[in-house]
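In the form predicted on its own, a lone chain appears below as C-alpha cells.
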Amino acid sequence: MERTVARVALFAALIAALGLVPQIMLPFAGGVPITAQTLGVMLAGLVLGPWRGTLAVLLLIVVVALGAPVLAGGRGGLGVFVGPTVGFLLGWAVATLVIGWAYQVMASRGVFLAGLLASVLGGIVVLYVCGIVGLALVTQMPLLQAAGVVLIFIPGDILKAVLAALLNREIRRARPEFAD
C-alpha cells in the first residue's frame, strides 16, 4: 500500500514538474499550448498501469483544482476547468487508463512496441478526442474546426510517445520491480 501511494504521488509530481518546461503557444491553436506534461501522462500509464497511473493523474487534477499552479505556464485553479484546455486536462485520466490497459494487453509484443502503440492509442487518439470535444464546447468552435486546430500537435505527441516507450523500456530494465 505504501509503495502504491508513493508511486502515485511520484508520478503526479513528475507530471507537475514537466509543467515547468516552458509551454509553446501557437496563435492559431485555439488557446491550447504545446507542453511536456503529456509525456508524464503517457509514462504514468505505461509504468504504473491503468489504475495507479490514473490515480496519479487524478491526484494532479485535484491539486490543480485546489489552485496550485502546476500546469504548464503556471496555470492552476478552477478557471482551467472552463478554459479551452479542459478537455485535454480531464482527458489525461481517460488517456492514462487506456494507455495502461493497452500496454498490458500488448505487452507480449515487446516492451518498446507495446509502449509505443499504447501511448499513441491513449496519449494521442483518446486524448485528442477528449481535447477536441472540450475545445469545441468551450470555444463554440465546430468539431471539425477544433480537430483541424489540434492537428499541429500530432508530430510532437508522436515524439513524446516514442520517448515514453523508450523510457518505459529503460525503467523496466533498470528497476523491473517498479512496475509491479
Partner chain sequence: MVSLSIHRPWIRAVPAGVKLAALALISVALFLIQDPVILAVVLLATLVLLAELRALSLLRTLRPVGFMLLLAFGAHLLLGDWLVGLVVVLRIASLVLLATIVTASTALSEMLTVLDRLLAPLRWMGLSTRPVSVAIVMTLRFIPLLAARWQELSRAWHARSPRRPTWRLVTPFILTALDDADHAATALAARGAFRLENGSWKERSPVSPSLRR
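Residue numbers count along the first chain shown, from 1. Everything numeric in this text was worked out from a predicted model, so none of it was measured.
Not pictured, yet referred to below: the form predicted in complex with its partner chain.
(message) Within 4.5 Å, heavy atoms only, which of 133, 150, 117, 126 is in contact with its partner chain in the model of the complex?
(response) Selected option: 150.
(message) Check residue 84 for me: does it contact its partner chain in the model of the complex (non-hydrogen atoms, 4.5 angstroms)?
(response) Heavy-atom contact with its partner chain at 4.5 Å: present for residue 84.
(request) Using the partner position in the model of the complex, report whether residue 68 sits within 4.5 Å of its partner chain, counting heavy atoms only. (result) The answer is yes: residue 68 has a heavy atom within 4.5 Å of its partner chain.
(message) Residue-level question: is residue 16 within 4.5 Å of its partner chain in the model of the complex, judged on heavy atoms?
(response) Close contact exists here: in the model of the complex, residue 16 approaches its partner chain to within 4.5 Å, heavy atoms only.
(message) Quick check on residue 62: any heavy atom within 4.5 Å of its partner chain in the model of the complex?
(response) Contact check for residue 62: yes, within 4.5 Å of its partner chain in the model of the complex.
(message) Need the contact residues for 139-176: heavy atom within 4.5 Å of its partner chain in the model of the complex, sequence order, or none if there are none.
(response) The stretch 139-176, when checked against its partner chain in the model of the complex, contributes 139, 140, 141, 142, 145, 149, 150, 152, 153, 163, 166, 167, 170, 171, 174, 175 at the 4.5 Å heavy-atom cut-off.
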